[in-house]
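Just the one chain here, the form predicted on its own, laid out as structure tokens.
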């Protein structure tokens, strides 16, 4: 058998081995003897967590497993809430609709890809939920979607319907197409090409949405009156304006790609002018410059732990951004924005202890409870509490340690990642691939 043929079958067998959840516990299991980092209720040494039908039913010492419930021994290990990535682009068949500047009708929820292997990568780092987003090619992009990392399940079962509806906005170099090369005979530059143009086009669309709402409100008022006009024609439905109208009515919140403080303040001015809610600024490398303003406006930030200065508008980013803003009262989360970095968000959160002086619980909150608040799901996930969904990760060492690894990831009481089992299956698959096949090619 040729080396190339062996590699092919090895890959095929390994993919087959990980195509389904590690094992189904029927939504019920008991984790025993772990150090529980609850985030909101302190640390419980040698604690147990009982999950029944997907929900946490009991937390404490010496819990007995009901008949038929799977028991997982976590002695010597650390048990935390499932990690939440508040800004990524995984599990999608398409991210940017860059052909036009304004595309709020382009909903990424329509193109969820449950077969994206980045879901498994996320699980290997303890990630149980993500906010996967429209890209940053447009001043007004499209609606985003929140997903559970239920590897092996159909896309419909990944969507978290309890989450806030969010709409992507973007400022800065990407929407100005600063890196685009204009080729002779190619398409002309797309408006906007400047910061003032970006601000103007967002205001223009918001004014259009306001007029659109007024037209429909007037129509609905006449329609509901006791003596409606005999000839009552509804306004033309506009899919773009429908989304922006939902934002202005408070049915959606804004998430805005942003780097520079001055641009953030401009966008905050637009939000105040039109009355919509900014839930969080993305990246926000200069948020430390306007931390007081962000805290006062109750606007969160979703940022990297490091990797600043990779382009001009990130040149004044600092390692202390997340920690400093958190200390100033800003709701901060650490995100990956990456299908690879997503597996080590706990490492990134740990960096804020050195750069920012956060304690262990504050640092862990950046990838658990804080993003849950930003996504509007803190009532169901984000901490280990009775009544919340059984989204849990088990680490061999403290999750803020540089030497730790995630050994198991659980979603709603089912194990979706078991490192020991996957290593065993990989070894078995490799042995099968190398074994001589009867009647096969030499």
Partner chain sequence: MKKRITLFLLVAGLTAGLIFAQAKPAKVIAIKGARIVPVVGDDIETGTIIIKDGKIEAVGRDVAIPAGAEVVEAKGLTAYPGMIDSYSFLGLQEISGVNETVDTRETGRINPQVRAIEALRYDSMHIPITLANGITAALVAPSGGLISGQSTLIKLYGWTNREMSIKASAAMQIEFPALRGGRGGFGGGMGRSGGAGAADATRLIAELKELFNKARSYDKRKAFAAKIQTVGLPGFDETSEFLLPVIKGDLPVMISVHSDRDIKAALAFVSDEKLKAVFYGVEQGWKAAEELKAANIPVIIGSTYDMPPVWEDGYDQLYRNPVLLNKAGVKIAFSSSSASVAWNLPYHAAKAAAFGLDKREALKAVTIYPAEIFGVDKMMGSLERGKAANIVLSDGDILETRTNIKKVYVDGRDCDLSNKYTELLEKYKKK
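Please read these numbers as outputs of a predicted model, since none were measured by experiment. Numbering follows the first chain given and starts at 1.
Although it is not shown, the form predicted together with its partner chain is what the next lines describe.
- The candidate stretches are 34-42, 382-390, 412-420, 64-72, and the one lying within 4.5 Å of its partner chain in the predicted bound form by heavy atoms is 412-420.
- None of the heavy atoms of residue 58 is located within 4.5 Å of its partner chain in the predicted bound form.
- When its partner chain is considered in the predicted bound form, residue 46 lies well away from it, no heavy atom lying within 4.5 Å.
- Taking non-hydrogen atoms only, residue 346 approaches its partner chain to within 4.5 angstroms in the predicted bound form.
- In the predicted bound form, residue 114 stays away from its partner chain, with no heavy atom inside 4.5 Å.
- Taken together, 85, 365 and 424 are entirely out of contact with its partner chain in the predicted bound form: none brings a heavy atom within 4.5 Å.
- None of 369, 308, 276, 216 but one reaches within 4.5 angstroms of its partner chain in the predicted bound form through a heavy atom, and that residue is 308.
- The partner is absent here; in the predicted bound form, the one residue of 293, 162, 238, 100 having a heavy atom within 4.5 Å of its partner chain is 293.
- Looking at 321-345, the residues that come within 4.5 Å of its partner chain in the predicted bound form, counting any heavy atom, are 324, 337, 338, 339, 340, 343, 344.
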